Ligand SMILES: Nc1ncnc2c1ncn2[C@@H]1O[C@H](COP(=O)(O)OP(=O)(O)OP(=O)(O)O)[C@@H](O)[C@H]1O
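We begin with a single chain expressed as C-alpha cells, specifically the form predicted on its own.
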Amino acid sequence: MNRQILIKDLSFAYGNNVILENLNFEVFKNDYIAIIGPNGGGKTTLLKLLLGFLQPTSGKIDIFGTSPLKMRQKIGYLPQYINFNMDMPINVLDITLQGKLTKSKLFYNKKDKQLALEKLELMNVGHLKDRKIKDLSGGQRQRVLLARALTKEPDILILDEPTASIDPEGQKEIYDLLKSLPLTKLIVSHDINILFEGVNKVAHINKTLHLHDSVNHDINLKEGHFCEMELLDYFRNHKCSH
C-alpha cells in the first residue's frame, strides 16, 4: 500500500495541559478518514500538527517521508472558520485563485486562471465566478473554498467541519462532492452522518486515538437517519487500533 502519512508516538501539550497523547496511525493513498470525538478532544490540534502549524511535543509526523512543513504544498486545507472582510470587493474567482499563491509565487497566470475555473465548475459554482463572496450562501461559500483548496492540486485534502452552519440539503451536496474526489481525505466533523458518506476509516480522538479500519454501512437508516445507540454499540463491539 502507498503510505502518505505516518504518525508515531505523537504527543502534544500546551505547557502542562496534555492535548494529545501517544497517537499512532497511518494514512494511505485514497483513504477517506472521518475524525470524530468530543469538543476539546484534540481533533483540530491534530490537523494543525499535520499542516505544520504546530510542532509535536514528542513523537513525529512524516508526510511523504518528510516533515509537514516541507509537504504543505501537497495538502489542500479547508479550515473551520475563515473570516472575510465582507466590505472587500473580492469575487469568487479571485478567492479561488488564492489557492495557487505561495510565498515564492505572488502572482497567477493564465494557466492558473483556467485551473481555478475548472475547480469552480467541479464544485458546481462556476456560474458564480464573478459574484462577490459576501453575496453567497453558506453552502455556496464552502464550495468556493473547496475549489480554492483543490486549485492547489493537492495529494491530500484536510477539512475541518466543512458542513458547519449549512442546511441538510447543502451538507448532502458537500458530502457527494467529497466522495467524488479521487484523493486522500481527512475530515473532522461533529456530524455523525459523515460515517455514511463514503469514509473507509474512523479515527476517534479524545486525547488518545482509536482507529476503526472499517465502517458498517449496513447500519439501518430510517428516513435518512440512523440510530445513534446502534452506531455506538457497533463501535463498542468491533476491534480497533490504538
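It should be emphasised that the depicted structure is a prediction, and the values quoted were computed from it without experimental measurement. A residue's number is simply how far along the shown sequence it sits, counting from 1.
Omitted from view is the form predicted together with the named molecule, to which the following refers.
At the 4.5 Å threshold, heavy atoms of residue 39 reach the named molecule in the model of the complex. Contact annotation for residue 43: at least one heavy atom lies within 4.5 Å of the named molecule in the model of the complex. Put simply, residue 190 is close to the named molecule in the model of the complex: some heavy atom of it is within 4.5 Å.
The named molecule in the model of the complex comes within 4.5 Å of a heavy atom belonging to residue 19.
Site residues 14, 80 and 161 are all in contact with the named molecule in the model of the complex, judged by any heavy atom within 4.5 Å. Exactly one of the stretches 65 to 73, 22 to 30, 44 to 52, 178 to 186 approaches the named molecule in the model of the complex with heavy atoms within 4.5 Å, and it is 44 to 52.
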